[in-house]
Ligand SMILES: N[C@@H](CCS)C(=O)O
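Single chain ahead, written as structure tokens, the form predicted on its own.
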């Protein structure tokens, strides 16, 4: 095991306050769409940092009301090269990244100021996690689910791609970093090295996607990926996001054998995203009740952070929060 450092304390405290398992929010873009947003765009929900920031804040507040202990920012698809390709300047791009954190922090503070005056409330002061999507998310070609970045992409290229966004997000004052839908060992290595090189002092988690329920999308074993992460004192939790919920229980059990770090899971609703056609394919989608019964099993299997990804909503998170907080 690598050296654990002090970055973990705020995350550990929250998990403890939440009764041993903290609740992460749910799908962001999905909820924006219910308010009339149209996000069929390479910038995905990041578009709304430009168009309608008040909607971004509204979604954060809805998840806080539902009982989320952690808010994930709207920066998943927000990258400097992505904004530049849309004609924005570097300054504008950086200010939008900053805004993604500020909007979440403002929502959290507003909500907490109101709720802490209510006797007997059942909320925790939420932490804000700055979302950092994989290189594949920026490409917007579905490669976060294949891990195939091609021969031109090496460790240095990935570090260069992530570095400035990481710096800007950290300077904006989030409580932790959420690296999401990482599809291969190379990118995990790049992130671990980057956290060290930039001497990041806030907690972070790294979540992989999985398309077969057994390996990273690249086909590499999770053991190879976690061996790299275990050496880092800067990564406090590791897990799975945006995979089908039916994979999650087995993966928690597998990860428990591979790491002593906290395990974080926030799967999608079970619907399948077709990256080429850019649409959701019909499939057996889990209702909130089913998601809720899964969540207790995930907690009992050892997950310390549980939430939802694409196509989950505040009502999903409310159901999860209720069932996890009843038992704690």
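Just so you know, these numbers come straight off a predicted model, no measurement behind them. Positions refer to the first chain, counted from 1.
Not on display, but discussed next: the form predicted in complex with the named molecule.
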query	finding
Of 218, 181, 124, 236, the one that lies within 4.5 Å of the named molecule in the model of the complex (heavy atoms)	181
Contact segment among 255 to 263, 27 to 35, 295 to 303, 48 to 56, judged by heavy atoms lying within 4.5 Å of the named molecule in the model of the complex	27 to 35
In the model of the complex, residue 100 touching the named molecule (heavy atom, 4.5 Å)	no
Partner proximity in the model of the complex: residue 72 to the named molecule, non-hydrogen atom cutoff 4.5 Å	yes
Residue 309: touches the named molecule in the model of the complex, heavy atom cutoff 4.5 angstroms	yes
Any non-hydrogen atom of residue 248 within 4.5 angstroms of the named molecule in the model of the complex	no
Those residues of 79 to 104 which, in the model of the complex, come within 4.5 Å of the named molecule by heavy atom	none
